[in-house]
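Take a look at this one chain, the form predicted alone, written out in structure tokens.
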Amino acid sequence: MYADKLRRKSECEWFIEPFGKMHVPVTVFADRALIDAMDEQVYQQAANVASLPGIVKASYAMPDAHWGYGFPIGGVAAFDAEQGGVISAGGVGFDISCGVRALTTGLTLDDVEGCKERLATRLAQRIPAGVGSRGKLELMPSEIDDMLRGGAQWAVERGYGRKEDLARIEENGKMAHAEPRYVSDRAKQRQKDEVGTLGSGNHYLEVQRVTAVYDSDIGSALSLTLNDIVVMIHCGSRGLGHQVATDFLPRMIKAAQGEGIELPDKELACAPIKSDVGKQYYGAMNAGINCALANREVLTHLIRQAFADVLPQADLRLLYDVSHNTCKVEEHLIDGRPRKLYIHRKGATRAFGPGHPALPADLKSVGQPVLIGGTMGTASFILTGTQTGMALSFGSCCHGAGRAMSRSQATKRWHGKDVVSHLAQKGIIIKGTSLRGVAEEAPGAYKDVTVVVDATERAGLARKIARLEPMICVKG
């Protein structure tokens, strides 16, 4: 039904006009091939989002969009608190502030090729990964609260990371308005020894080489040239973020009922932004963001140690760190006037254009780096935000390749040992704690990341800067 209503606006922009209880249209950014392969449920979920109170402009789906919990993964929606807008745990996701961090190393392919196996082994030894993985930090309750307030700034103050890292992290490494008091004891208990751990699922640490630079001027500004070695980290807030979502979803269902909000799907559980539940979730979610930022900063410290053990000449500098599961308060122009909006990005990356005041001075001229994770057998990309994207999608774009099949479908088609062997033939070393986990994340289980990124660029959401291919992948 929803796919039948889809109309093409331009090469990589499609829309569904409002009908039924929709307040705004659905906009989908994708080329024809991605549209044809996209699940009907993506359109249905995006239309359901368009029916929520206080939504502004449109309900968006990015080129990597696929079915998710309530909101599609790859979904973007903005809400105005002054117009009865809502905040939704399903619109942020269970892994609050799951995101990507990229580090330049000062190394080239020639430096790493001869010691690749040794480096892979050392990284796997240093980085706790897998389901239930535990870090070396075990935090007392008061320390957990400090971490939830301080984010990456807390980690740097503890000696994990460098002060200069903070300028290259969104919000300078610390979300304001974090309220640890609204994070349950159960969530805190789950996180007490998980800071500095990679986790499982699609989370990973990769050592990559730059195989293409599409804009040499911006590439140079980002210290990216051909055959440079880059490290990419993909992870989030671990058990704490999941528990925050779990705790608030039933409360949001009750709050929506109390406000007379009709939910087309209970997974769209939400609460008015100005309600007690809405305010409390916002404070807890910001604490979850800080948890993820602290986690990635501690992981960076461990990665630097591993490189120092094998390649002491390496100089790992933070290129950028950006999340793709958040709700952020941002100011955007609507009909020529600035409005403060609550931007939900679920499986969608913030992509601010050149000159944005949130960017550090040395990145203002090029725009925000956008870090797009691919698969362990294909490629990842670094893009930068555009002014066009600011107008089209509230400065948002894709976050990765996007799944093409479920994890259970992937394990029926591939065996972990075969995936590891196949990738080894391509020169890619996989260090995984679970062969089932490797099978679930087989490259064939995902869309073609190159097609996704090309559609993102053609839609004007972001600009392609560099392609990176994996050499080492550490997975849970």
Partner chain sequence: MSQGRWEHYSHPSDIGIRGIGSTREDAFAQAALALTAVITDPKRVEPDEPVEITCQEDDDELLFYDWLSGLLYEMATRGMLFGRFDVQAVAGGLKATAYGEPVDVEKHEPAVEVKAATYSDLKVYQDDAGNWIAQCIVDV
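Treat the numbers as computed from the prediction; the structure is a model and nothing was measured. Positions refer to the first chain, counted from 1.
Note that the form predicted together with the partner chain isn't included here; everything after this is about it.
- Of the heavy atoms in K136, none are within 4.5 Å of the partner chain in the predicted bound form.
- Taking the partner from elsewhere, G68 is found to have a heavy atom lying within 4.5 Å of the partner chain in the predicted bound form.
- By the criterion of a heavy atom within 4.5 Å, A245 is counted among the residues contacting the partner chain in the predicted bound form.
- Taking the partner from the other structure, the partner chain in the predicted bound form has a heavy atom within 4.5 Å of a heavy atom of R436.
- Proximity to the partner chain in the predicted bound form, defined as a heavy atom within 4.5 Å, singles out one entry of K57, H415, R407, K431, which is R407.
- D95 is the sole member of D321, D95, D165, E206 with a non-hydrogen atom within 4.5 Å of the partner chain in the predicted bound form.
- Within 4.5 Å of the partner chain in the predicted bound form, a heavy atom is found for every one of R238, K266 and E440.
- The partner is not drawn, yet in the predicted bound form one stretch among 302-310, 357-365, 150-158, 246-254 has residues with heavy atoms inside 4.5 Å of the partner chain: 246-254.
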